Ligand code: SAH
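Single chain ahead, by itself, as structure tokens, in the form predicted on its own.
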Amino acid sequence: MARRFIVMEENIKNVDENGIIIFGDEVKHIQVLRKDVGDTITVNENMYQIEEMKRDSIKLKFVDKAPKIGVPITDITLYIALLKTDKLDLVVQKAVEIGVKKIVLFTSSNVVVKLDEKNKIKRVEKLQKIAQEACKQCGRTDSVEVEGVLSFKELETEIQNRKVTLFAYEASQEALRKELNSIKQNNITEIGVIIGAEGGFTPKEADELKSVENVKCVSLGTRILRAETAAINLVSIVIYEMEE
């Protein structure tokens, strides 16, 4: 398969129905890999032939739709609280490799990381790049969007529109396997997963989440897991159970 590159929409200019020009970081990446005119590469979900290369742009001609590889069957959205930088970087990278379709960041009472609006945008942009690199590294031919940062109230509103959301909570006694069996029996393929910050949720926040319709509060076992461990663990289990 042709080497895949991920280019953001703002760095793509349509020339005609069969041609585009790309800009940005991936142009340099293509050049470093010594790709040349006539070579075929994959950009996002399509295969293109290189028609023209300039220092800061590359003109491409559409060849065909790229074959889908590594695209998960189950549509999992990971709602993850803002964690410290290295921990959140790890969660995004591994969650993409395992198979989430979207990652949404949120804040809550026990979130340690405090960001102003400008730095929230920068954080999301950095994590989006990590997600893109993870897609390329693991061979996925789809893209994973990183969104946010939602307030806790916005998170509650967001999950109200989902068919089912799994809320991992240390005080829960509900078996995860039981809820996953119910999800499979009802042929649900879109699942939300909520993981809190390093300090977890306050009792009030936990009660509010549990009161949302179609939110299933589940246990990850008798051991208290770090937030980043819980996120990777839960996503792995859901993917395994839903796609076995």
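One rule holds for the numbers: they count along the sequence shown, beginning at 1. Note that this is a predicted model, so its numbers are computed, not measured.
Same protein, other form: the form predicted together with the ligand, not shown, and the subject of what follows.
Enquirer: Counting non-hydrogen atoms within 4.5 angstroms of the ligand in the predicted complex, say which of E198, E208, D39, E179 makes the cut.
Expert: Result of the distance check: E198.
Enquirer: Look at the stretches 47 to 55, 62 to 70, 31 to 39, 190 to 198 and give the one with heavy atoms within 4.5 Å of the ligand in the predicted complex.
Expert: Heavy atoms within 4.5 Å of the ligand in the predicted complex occur in 190 to 198.
Enquirer: Can you check whether D89 is within 4.5 Å of the ligand in the predicted complex, heavy atom basis?
Expert: No, no contact at 4.5 Å.
Enquirer: Even though the partner isn't displayed, in the predicted complex is A230 close enough to the ligand, meaning a heavy atom within 4.5 Å?
Expert: Residue-level check for A230: yes, a contact with the ligand.
Enquirer: With the partner left out here, check for me: in the predicted complex, does some heavy atom of V218 sit within 4.5 Å of the ligand?
Expert: Yes, V218 is a contact residue.
Enquirer: Looking at the partner-bound form in the predicted complex, is L105 within 4.5 Å of the ligand by any heavy atom?
Expert: The answer is no: L105 has no heavy atom within 4.5 Å of the ligand.
Enquirer: Which residues from 168 to 191 come close to the ligand in the predicted complex, meaning a heavy atom within 4.5 Å?
Expert: A168, Y169, E170, in sequence order.
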